[in-house]
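What follows is a single chain, given as structure tokens, in the form predicted on its own.
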Amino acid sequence: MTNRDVLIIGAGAAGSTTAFHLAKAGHKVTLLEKDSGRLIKPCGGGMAAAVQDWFPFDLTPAVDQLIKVVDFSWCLSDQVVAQLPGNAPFWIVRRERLDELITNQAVNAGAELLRPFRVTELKKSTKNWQVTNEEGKQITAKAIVIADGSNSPWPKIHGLGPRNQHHAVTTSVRLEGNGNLKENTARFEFGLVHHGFAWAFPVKEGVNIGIGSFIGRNEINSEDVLNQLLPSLGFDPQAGKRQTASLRVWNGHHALHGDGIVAVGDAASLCDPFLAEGLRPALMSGCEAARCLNHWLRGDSHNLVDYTKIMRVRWGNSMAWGKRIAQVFYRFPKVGYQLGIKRPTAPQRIAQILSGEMGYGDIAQRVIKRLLLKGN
């Protein structure tokens, strides 16, 4: 039976980030990835450029576009074109390329990668954690990082994150060619999606399309939306392969740690409940989990409570306000579009939130008050 310092379940962005920083600190780390090879991930791929500060290696090989313009519309009309202020704070990456880049850096730093390795059992013994895969292979470790995404069963089993998970229903499409979407331009469409919105982000020689519903019963007639949205972008309405997923979004302050175990990324329900940003909190949680685990493994702390506390301050407090904004905005979406998106200061505020310069708490109270007064 193999014994490691840390086992990380999932080699996506959050898991690989955790693995890199722990391996760089000198710990014995193993990444366990269920998929045998790289998969196409047609998610939006939007990521604040400021995350580069969290890594000592260059992330730009995974970057396809720098977003400088955001094009908003309501039911494909009533357009608002916003120039993002200053240097573009927002990157569009291919998720599969970003995940591979960080994973390779983790391996180069000394982490072990086992794939395919599908964890079927995860349990705590007296001193160590033990994982078992489909073939019955067992590995033990002092600590576990749960990083296998929104469909992970392990956080609920081991009491991490919210008891009642809040999911957004999403449909993603990767299209070949750029249609009529301009370079360095992202598109957000409100009105076509009940209790949500659609987005189009350019990648090299392609476009990532997404549709998400964030409150209520989360039902989307994605084909109806795509039949209208895709022609407006210069594509055949049947183009591309659809992928439907359930995205675990932020749903309140809950412990993200246990006895030698933490959850990161989508498995920790960190996705932005208003704009559906998931990459920045995934990378942030990976960095913070690694830092806290490093202190714990070296005996500098008695538990991992600091991880939960730090993520609450750095991410959760802002998302609490983001959730309140989403609940009001998506119930009165037309009012929200008129009073929010079309306000002269909106593009700058959105850019500052996506870049991490500003949190939802900085704008929430006046935004919610404005929406409620006009919505009733």
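Note that this is a predicted model, so its numbers are computed, not measured. All residue numbers are counted from 1 along the displayed sequence.
Just so you know, the form predicted in complex with a small molecule exists too; it's not on screen, but the next bit is about it.
The chain is drawn here without the small molecule; in the model of the complex, the stretch among 225 to 233, 289 to 297, 157 to 165, 264 to 272 whose residues come within 4.5 Å of it by any heavy atom is 264 to 272. Within 4.5 Å of the small molecule in the model of the complex, a heavy atom is found for none of 71, 200 and 221. In the model of the complex, residue 35 approaches the small molecule with a heavy atom inside 4.5 Å. Within this chain, residue 46 lines the site of the small molecule in the model of the complex, having a heavy atom no more than 4.5 Å away. In the model of the complex, the small molecule sits within 4.5 Å of a heavy atom of residue 277. Using a 4.5 Å cutoff between non-hydrogen atoms, residue 13 counts as a contact of the small molecule in the model of the complex. Interface residue among 187, 174, 195, 95, judged by heavy atoms within 4.5 Å of the small molecule in the model of the complex: 95. Contact with the small molecule in the model of the complex, defined as a heavy atom within 4.5 Å, holds for exactly one of 118, 242, 124, 142, namely 118.
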